[in-house]
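Before any questions on binding or motion, here is one chain by itself as structure tokens, the form predicted alone.
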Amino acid sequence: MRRFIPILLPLCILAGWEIAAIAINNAFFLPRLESVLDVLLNPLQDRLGSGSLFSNAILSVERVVLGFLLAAAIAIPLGIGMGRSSVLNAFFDATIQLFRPIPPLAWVPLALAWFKIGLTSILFIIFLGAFFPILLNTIEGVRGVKQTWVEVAATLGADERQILAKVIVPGAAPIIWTGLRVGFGIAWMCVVAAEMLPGASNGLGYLMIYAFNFGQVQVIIAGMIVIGLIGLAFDALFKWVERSRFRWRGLER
């Protein structure tokens, strides 16, 4: 019975949705399940001349992966440096704490002013969404490495480069990976919102806002479901890597 518990709530939601849709009888307010399923079961069909659900989803994934990798490429080295150097931390920390609470979407006007309408402005928003979770978790992971490990490595003759490569980075890797997982989730939310910006011409966010203009709410809901499923799939991948690569973390505790 425990195997069925996770699907009970979704089934209840679907049942309530269908009952409410029949009672309301207004497809613009709440479409029937069958119309949403028709969109989901035909992912390659062109929707309103704006591409298929599948093609727009692929474009969104490509964008979020690119922006996420750019954020990780900068945040991880910077986080390692700030975690190891008090001087470097003092130099960057105040500025980072100032910008960190600003929501990525608050940067939209500046992104449009700086980079105009197009891929660069979307990547900028994705980058900001992923950057700070990765950076802060990297700093925390580096600081959380046991000092005794560092001292033993130094006693055995390891220099700073070897300590970083053999002790600090492996020891901080589980926390860094958690930051990557959180950062990707935020980046995925940002890409969909960024694709709704004026001038966007493809992607799941664009498809959803375009469908709204034509009253195709079933396409909007299908897009939301696809967004959730893709996010769930990537999160499951992060969890799988965490379980398979960082089992020692639980043993060390």
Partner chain sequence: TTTQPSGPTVGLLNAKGTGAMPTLLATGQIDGYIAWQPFAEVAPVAHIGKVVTYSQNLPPASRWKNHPCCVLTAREDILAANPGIVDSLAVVTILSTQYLNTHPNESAELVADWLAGKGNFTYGNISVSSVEVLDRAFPTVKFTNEPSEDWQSGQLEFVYALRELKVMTGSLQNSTESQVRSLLFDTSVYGRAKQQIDAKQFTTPPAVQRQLGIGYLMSDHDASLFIAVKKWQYFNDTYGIALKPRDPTQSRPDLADLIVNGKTVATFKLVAGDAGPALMQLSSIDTVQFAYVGNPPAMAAIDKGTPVKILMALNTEGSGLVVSLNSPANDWDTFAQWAKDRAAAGKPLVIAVPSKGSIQDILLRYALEESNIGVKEV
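Positions refer to the first chain, counted from 1. Being a predicted model, the structure only gives us computed values, none of them experimental.
Heads up, the form predicted together with the partner chain isn't pictured, but that's what we're talking about next.
Asks: Exactly one of Ile58, Ala27, Leu37, Leu70 has a non-hydrogen atom within 4.5 Å of the partner chain in the predicted complex; which residue is it?
Replies: It is Ala27 that has a heavy atom within 4.5 Å of the partner.
Asks: In the predicted complex, is there a heavy atom of the partner chain that lies within 4.5 Å of any heavy atom of Pro109, even though the partner is absent here?
Replies: Pro109: yes, in contact with the partner chain in the predicted complex.
Asks: I'd like to check something about Leu48: if you look in the predicted complex, is any of its heavy atoms closer than or equal to 4.5 Å to a heavy atom of the partner chain?
Replies: Within the cut-off, so yes.
Asks: At 4.5 Å between heavy atoms, is Ile74 in contact with the partner chain in the predicted complex?
Replies: Ile74: no contact with the partner chain in the predicted complex.
Asks: According to a 4.5 angstroms non-hydrogen atom cut-off, is Phe54 in contact with the partner chain in the predicted complex?
Replies: Contact check for Phe54: no, nothing within 4.5 Å of the partner chain in the predicted complex.
Asks: Indicate whether the candidate residues Pro198, Tyr206 and Gln218 are all in contact with the partner chain in the predicted complex, with contact defined as any heavy atom within 4.5 Å.
Replies: Yes: Pro198, Tyr206 and Gln218 each sit within 4.5 Å of the partner chain in the predicted complex.
Asks: Let me know which residues along 104 to 138 have a heavy atom within 4.5 Å of the partner chain in the predicted complex, or say none if there are none.
Replies: The stretch 104 to 138, when checked against the partner chain in the predicted complex, contributes Pro109, Leu112, Ala113, Lys116, Ile117 at the 4.5 Å heavy-atom cut-off.
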